[in-house]
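Next comes just one chain, in structure tokens: the form predicted alone.
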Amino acid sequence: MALTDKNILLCVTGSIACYKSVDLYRSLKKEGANVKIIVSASAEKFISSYIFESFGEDVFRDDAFKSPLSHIALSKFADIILIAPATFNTINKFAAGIADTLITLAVSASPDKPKVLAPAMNPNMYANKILKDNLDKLRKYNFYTVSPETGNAACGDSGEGRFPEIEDIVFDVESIFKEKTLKGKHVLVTAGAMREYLDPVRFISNGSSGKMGISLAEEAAKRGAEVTLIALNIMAARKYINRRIKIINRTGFKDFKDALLSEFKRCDILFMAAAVSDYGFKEKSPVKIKKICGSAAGTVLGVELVQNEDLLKAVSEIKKEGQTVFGFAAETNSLIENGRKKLAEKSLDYIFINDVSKGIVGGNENEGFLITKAGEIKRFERESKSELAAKLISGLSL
């Protein structure tokens, strides 16, 4: 859980979107955070603070004078102050240094703490130049803004200003706790399972979900990298991918190869986590292959497979000094021996070997061995793919 033992002060202000703060709270708790909550007087017109109290949390009503020193205690508690939703009025108060509510007092008492704003307001209000100027000003003082969504507002107007997706808010909060070890780097990640078509409807593929590659892409983005993800048929796994990650969708060998070699030229680090087909059909039918009428069950359809080009090897041939290539390999036996052989043959800097006989393909967890160019071998026990991604990226020697 990415936010284990992190203390978050969740401040709910008076937007009609404040009911979404309940789901946000649940997501923060799911990631392991400790949460205390302030509900403003305006927010209580939309949502009762008793909802949060029913979860057993400390909830403070926004009365600056009822408990005179609570803003100091809350400031000391918080690792991050999250204002979600953040209204036009509240944001502008922060920028003006006004401290007349418990929320603005807690923020004013926390100059060195990160403050995350999740704006929610009418599109015309969000486009207001006063607000834009004040957001720019606040960024100089440890304030971060989660970009709001574009769409229809409650009033019927359309544009940018809707409450951000909860996943985006949690992603940005988690990012603040990450060291920006990849800032200024361009990271290329491949993920998913390739499809080699026999005809317009039939193909051979494998059970890779793309979750490992997605986890690597998200971890790299949290650490400050510019990230491009070449995605092979990952729709089933793509419940959420942060919008800062550029996605290039591909299906088969040729279009994947073209994208890979083109994007690799400008990347600093490649994580080759996609399950690329070793074989493709020698001949592909432009129309659906029909059953032979009258033929008996068990009739054999003869097809020929041809070996595809080794793309990791192709990458190694154009690799420039300073580029890092991290390969993945699925094995069922002789893991270390096969891993060392592939590392050397393909001029890799790192390779992670999965034992796919242990039922990890397509799942949420992973395990295996990391082998480095220097010959070091490290065993990783089974854990979530997001946790493994964090460890693999933390261990990079750049």
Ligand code: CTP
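Position 1 is the first residue in the sequence shown; the rest follow in order. What you see is a predicted model; the values in this text were computed from it and never measured.
Unshown form predicted together with cytidine-5'-triphosphate; subsequent notes refer to it.
The partner is not drawn, yet in the predicted bound form one stretch among 277 to 285, 77 to 85, 174 to 182, 261 to 269 has residues with heavy atoms inside 4.5 Å of cytidine-5'-triphosphate: 277 to 285. None of the heavy atoms of A221 is located within 4.5 Å of cytidine-5'-triphosphate in the predicted bound form. Interface membership of D157, defined by any non-hydrogen atom within 4.5 Å of cytidine-5'-triphosphate in the predicted bound form, is ruled out. Not displayed here, cytidine-5'-triphosphate is kept clear of K29 by more than 4.5 Å at the level of heavy atoms in the predicted bound form. In the predicted bound form, cytidine-5'-triphosphate sits within 4.5 Å of a heavy atom belonging to F328. Of the candidates D100, D136, D199, E309, E309 is the one whose heavy atoms come within 4.5 Å of cytidine-5'-triphosphate in the predicted bound form; the others do not. Among the residues K36, K373, R61, K342, the one placing a heavy atom within 4.5 Å of cytidine-5'-triphosphate in the predicted bound form is K342.
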